[in-house]
Structures are given as C-alpha cells and as structure tokens.
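Below you'll find only one chain, the form predicted on its own, shown as structure tokens.
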Amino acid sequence: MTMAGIVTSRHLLLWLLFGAAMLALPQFVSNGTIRIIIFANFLAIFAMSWDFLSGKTGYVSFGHPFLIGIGAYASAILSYRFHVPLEFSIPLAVLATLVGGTLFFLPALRIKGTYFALVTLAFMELMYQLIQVVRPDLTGGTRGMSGIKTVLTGAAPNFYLSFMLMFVIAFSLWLLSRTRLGTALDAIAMNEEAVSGSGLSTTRLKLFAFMVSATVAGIGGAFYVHYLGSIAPRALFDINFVFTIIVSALIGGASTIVGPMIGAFFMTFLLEYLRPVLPGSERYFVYGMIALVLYVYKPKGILAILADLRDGMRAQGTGRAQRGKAS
C-alpha cells in the first residue's frame, strides 16, 4: 500500500491543523491549564500504547503499568543512581522495556481472554512487590525516588516536549494502523482462527503489536518520570492508573489510535474538574459511571459521536442544497 493510499490530503490537513492549534495553546491559556494538558499528553501516549496491543488484537491487558514502570524505573535508576546522561538513559530504558516486557509477556500471548488479562494484572502486582523489596537502595523501596533529573523546566517547554512526543507517536501509530499489517492486527480481534487459517502467523503479528506497544510505553514512562522528577511505586502501579488508561482508550474509541488520544484528554480534564468537588478517590467512581454510560450509549466512543455529528451536518447541508435547487 502506497503512502498516498494511507494518507489523503484531507487527513494530512486535519493532522496539521491539530498540531498548529495545540502548539499555539500556551499563548492563550494559563500555566495551570498547560500543566493539565501535559498530563493529558502523557495519558494519551499510555492509552495509545495500550490500544495498539489490546484494542487492535483484542488481548486486553490489565498490566500496562508493568511496561510503563520498566521504562520509568530504568531511566530513573540510570540517571539518578549512576549519573547516566538522559540522552543515554532514556533510550536504554526503552530497550529495557522491550527486553523485560518480552520475557514476561511473550508466554502470556499464548493464552486468551480473561486468562491473559489476569496474567498481565499479576505481572503488574509482581512488579509492584519487587520494586519494594529487591534492591531498595536502587529503587527507593516504598518511598520511591525524588530529585530525579528533568529534561526541561517550566510549563511551556514541557508542554511542547510532551506534545511533540504525543503527536509523533500518534501520527506514526495511525499510519501503521492503516497499512495491511494494521488490518491484519484488527482481524485478530475479530477472528484469530480465520487469520491463522489464511496462512498468517498470529504469534508473529501479536509479538509485533506487543513490541510496538512496549516501545511506546517505554518512551512514555521514561519521559514521564523525567517530567515529574520523582517516582513512587504506589502511584505508578495503582489500579486507578490502569483503569484510567483503559477507560481513556475505550470511551475515546478503541482500535483507532485517534480515539484513545481524545479519550485521554476527556478523562484528564474530567478528573481535574471533579477534584474540587470530590478531592478523594470518589471522583474515580463518578468518572467510571460517566464512562460506563457513554460506553453503553456509544460503544465505539467519542470518536463515533463526532463522526455522527459530522455526518449529520453534511446531511443537513446536502438537504439545504437540494431544497435550494428545487426552489
């Protein structure tokens, strides 16, 4: 499939308009809003990473923070404990995510459904326990680490960095999802036996999806920890973090790449605006109910709602044009 077949001029224009609008945001909004958007950018990276594996193949993972944690802790330890420059610690952390994740997740890809979800959840819990008891002098144990090097300082510079990361990852995954390889991954979610019967190796396809997902998770985790400047196992391996990632992908529109990005922004601002009213964990119950209602009403997510609105506006425009010709 040629690039022309993957990207139309309209698609490219929409991506360029989105990028230009986001890059102009710091000129019009407060630093507080910019910091919220930075977290939305990172959540979008994590949601797209989850979506490329679970949304595409149907293998729902409850252990994605396991991958994010490898990237975050590897870069944090290298830079904080061993004073490795960030330009080396971050790529090494991504590589560690690929290697470590493959060693654990590859056997799990041989099982399906609920069992796969439970195994991945067990991996996350195992990581949480190991971080606390194995070499706490390196990991910081239950307290974690603070004073970690940051890539940049200031709201606007970190916004531009996080957005460019998110934008490049989103566009790359979107392009990949529109190739024949992306179509084959979608087919696994619909009927894995049929894909296998067609002569394609589902194991290789799933491994490829996992490696792409792990790479994105490692990049996101490494840059995330160097934005926060600290890391703690309780925050990273919290069950609410897992469900925020999954819900962002589902309510945005799973298996679309763009949908999880939209869902991540929706979830981040929803949780932030609920904070003054419900400062505790109760707000997660509220967002869960909102997400459930939205998902039941429109299973294909916010992206499908936007598509319906677009089609409705087009239909109205066509109707007015026909009435104008008739008169």
Partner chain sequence: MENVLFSCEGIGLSFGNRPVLKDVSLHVAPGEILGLVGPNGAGKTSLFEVFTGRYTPRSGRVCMKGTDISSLSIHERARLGLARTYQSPIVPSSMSVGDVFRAAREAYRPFLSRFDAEWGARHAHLHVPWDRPAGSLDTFDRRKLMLACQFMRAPDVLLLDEPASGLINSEIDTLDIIIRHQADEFGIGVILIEHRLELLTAIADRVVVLDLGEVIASGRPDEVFSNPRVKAAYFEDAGHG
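Numbering follows the first chain given and starts at 1. Everything quoted here is computed from the prediction, not taken from an experiment.
Just so it is clear, the following notes concern the form predicted in complex with the partner chain, a form of the same protein that is not shown.
A.B. asks: Within 4.5 angstroms, counting heavy atoms, which one of the listed stretches 187-195, 132-140, 240-248, 164-172 is next to the partner chain in the predicted bound form?
C.D. replies: The contacting stretch here is 187-195.
A.B. asks: Quick one: of Leu95, Ala235, Leu200, Ala156, which gets a non-hydrogen atom within 4.5 angstroms of the partner chain in the predicted bound form?
C.D. replies: It is Leu200.
A.B. asks: Closest heavy atom of Lys149 to the partner chain in the predicted bound form, within 4.5 Å or not?
C.D. replies: Heavy-atom contact with the partner chain at 4.5 Å: absent for Lys149.
A.B. asks: Would Thr183 sit within 4.5 Å of the partner chain in the predicted bound form, counting heavy atoms only?
C.D. replies: Thr183: contacts the partner chain in the predicted bound form.
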